[in-house]
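Presented as structure tokens, the chain that follows is alone, the form predicted on its own.
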């Protein structure tokens, strides 16, 4: 079945629709005044076969949440790498950036083997229990970059602009812009803006993907994307094939204009590198280029040598060994407070893809990404920072948006009993103990039904000779769930007088 040039317009329409769906789901991954999210906001992660492969290897079992990835695999077996150019929102944004970023190199180096090397490293390290998907998966990089940096920047600039208009512009101008601002707040801007650690790093990583376009079109997709590498391997068995299999010697317009460089040094077409952008249908002056369904004739060759595969495999094997033999792995991590629904640390690290969705949806901006506190393998994983925010007692949003089940979906009753950590008083800082002043703020805010903070009444002799009856607080560990609100509201400046610590397995 030949495909005519109008399929390029169909592809652009598909890209636009998928990008709008992605942006809509991104905005829905947000607190909007309720504890429910009616949409599968993590849909794109669940469609990702790379997430399926890595998580399955890391967990040594199939995670049922990821079954939609088989839809992508099926489409790839039929059409080839259609996902990369028709669905992937990062690929669409990269295509849009072509209008502003033009390649600067006259001769681009052939680095297609790198995506297979990165894929091998990810799969091998996951098989041995350490998962690094968050550093390379396109959806993790895109969502995290948008949530941590671009979204707060957009909200800050937009709000700043309208605040300036309201403060300095004539009243009629403010009246005109009010409807626009309300519309943006309803459909574009977040309900409540959060701010994150590692925002600069997330921005630079995402921006770097687009700046790679200076080296060649779709540089990330062709050379570095491990999802693209996995889909390329699957597409070798696809039944949709381009004809002719070589570019015409008198023309070669399809070869020179191909954004994916899907022709080898002998001008032979490589179907695993083609993402069905359909540009070549327009390039061909004779109109002989077409795509037809036929039985696959997969070639064993891919753009990676046996030596490179072995090197990548050894790297993937070495990474888990290095992470388990570094000094930080031997330290207790009771200062790490994982979100509600997180299991033991090994299982959580194997399932978490560092997408940032749980942090984005957190009502109180309490969840923040780790840096190197648990080594590089823990980077970008979510932890609770009680001094910045607390875990809302009646909220289960974070466990509801997790795409892989790293956070088990909790009912409200389960959430009320889920223990994140334990609180402890620092009697050297608490004003009741140190300054002999009355303070019951922490107990007032404790959300558990039987307060986890109790008081011992004690008469204290002050330095001036007067006596005062004080309520000295203490924590009942059996009742504390470690939500962090006591640390958040503690009026002591600097570090709080009551601190929440996570559940370190070696000390439990």
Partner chain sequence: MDRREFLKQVALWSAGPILSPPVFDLLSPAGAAEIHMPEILTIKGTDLPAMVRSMTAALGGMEAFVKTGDKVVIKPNIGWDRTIEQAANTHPLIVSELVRLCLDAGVSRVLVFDRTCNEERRCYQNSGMAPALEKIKDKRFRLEYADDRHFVPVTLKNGRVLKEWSFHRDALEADCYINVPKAKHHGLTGLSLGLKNIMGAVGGWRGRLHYDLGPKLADLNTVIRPRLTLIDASRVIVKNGPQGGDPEDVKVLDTLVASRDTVAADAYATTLFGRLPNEIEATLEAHQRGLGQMDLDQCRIRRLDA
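Residue numbers count along the first chain shown, from 1. None of the values given here were measured: they were computed from a predicted structure.
There is another form of the same protein, the form predicted in complex with the partner chain; it is not shown, and what comes next is about it.
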In the predicted bound form, does each residue in the set 95, 137 and 231 place a non-hydrogen atom within 4.5 angstroms of the partner chain? no
Out of the stretches listed (388-396, 245-253, 268-276, 119-127), which one is close to the partner chain in the predicted bound form, meaning heavy atoms within 4.5 Å? 388-396
Looking at the partner-bound form in the predicted bound form, is residue 446 within 4.5 Å of the partner chain by any heavy atom? yes
Using a 4.5 angstroms cut-off on non-hydrogen atoms, would residue 162 count as touching the partner chain in the predicted bound form? yes
Using a 4.5 angstroms cut-off on non-hydrogen atoms, would residue 364 count as touching the partner chain in the predicted bound form? yes
With the cut-off set at 4.5 Å between non-hydrogen atoms, does residue 192 touch the partner chain in the predicted bound form? yes
From 180, 211, 157, 419: within 4.5 Å of the partner chain in the predicted bound form by heavy atoms is 157
Work out which of 102, 437, 409, 292 lies within 4.5 Å of the partner chain in the predicted bound form, going by heavy atoms. 437
Can you name the residues of 447-465 that have a non-hydrogen atom within 4.5 angstroms of the partner chain in the predicted bound form? 447, 449, 450, 451, 455
